[in-house]
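Encoded as structure tokens, the following chain is the form predicted on its own, with no partner shown.
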């Protein structure tokens, strides 16, 4: 589902990732970890084609990411859900409209949009917040809305960059439970985090980045 082969990425002649190779299988939930600055965010940006590698090959959901023309990148991203640490919700739009935006861009019928949005709000336990605005929600609620927005299009792959970085322990447990439920339905999930508590004891694969390379792989 996600395959990287000998991927290298530099900025201003400083190597951030060097010779990175791994495969995330369809339906897998896995973690990328490492200290701040290890290249976790860059790795995700390469996967969803916000960046291009200097060397190597990346395949995602059947797409050869490196060969995509600019006009075809949106088709790749329809297969991807992305959860950002800093939420990136539109503050002047309601929760409903924040989630519905991608479906409207895809030209979905309004009734279908309502059904899809309310379904994912049910999934994250925030149906009653549909008409609220993001600034009026707690950090945990906002992150659940970000997760709802990421899965409303039913992506085959879900990427998350430090998804619990701004959350307290209770909200962290809630969000991680949602990731596991989404994965159980068949979505491939890759989570980048430097918090060991997220993957310890999960039995899931963990890829450790250090000094631009994959240091090791083990099981959480």
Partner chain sequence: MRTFIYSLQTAFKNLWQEKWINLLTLLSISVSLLLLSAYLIVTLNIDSILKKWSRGFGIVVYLNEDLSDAEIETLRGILQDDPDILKIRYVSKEEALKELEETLGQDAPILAQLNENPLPASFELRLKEDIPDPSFVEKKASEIRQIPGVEDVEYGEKWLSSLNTISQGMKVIAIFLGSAIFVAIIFITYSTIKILFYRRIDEVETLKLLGATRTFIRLPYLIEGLFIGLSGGIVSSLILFGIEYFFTVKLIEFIPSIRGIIMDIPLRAYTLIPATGAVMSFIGSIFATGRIRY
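Small disclaimer: the values here were computed from a predicted structure and weren't measured. Numbering follows the first chain given and starts at 1.
We do not show the form predicted together with its partner chain, though everything after this point is about it.
In the predicted complex, at least one heavy atom of residue 109 sits within 4.5 Å of a heavy atom of its partner chain. Though the partner is left out of this view, residue 104 does reach within 4.5 Å of its partner chain in the predicted complex, counting heavy atoms only. By the criterion of a heavy atom within 4.5 Å, residue 50 is counted among the residues contacting its partner chain in the predicted complex.
Put simply, residue 116 is far from its partner chain in the predicted complex: not one heavy atom of it is within 4.5 Å. Residues of just one listed stretch (169 to 177, 41 to 49, 22 to 30, 54 to 62) have heavy atoms within 4.5 Å of its partner chain in the predicted complex: 41 to 49. For the candidate set 120, 130, 137, 82, a heavy atom within 4.5 Å of its partner chain in the predicted complex is found for exactly one residue, namely 82. Every member of the trio 73, 93 and 149 reaches its partner chain in the predicted complex with some non-hydrogen atom inside 4.5 Å.
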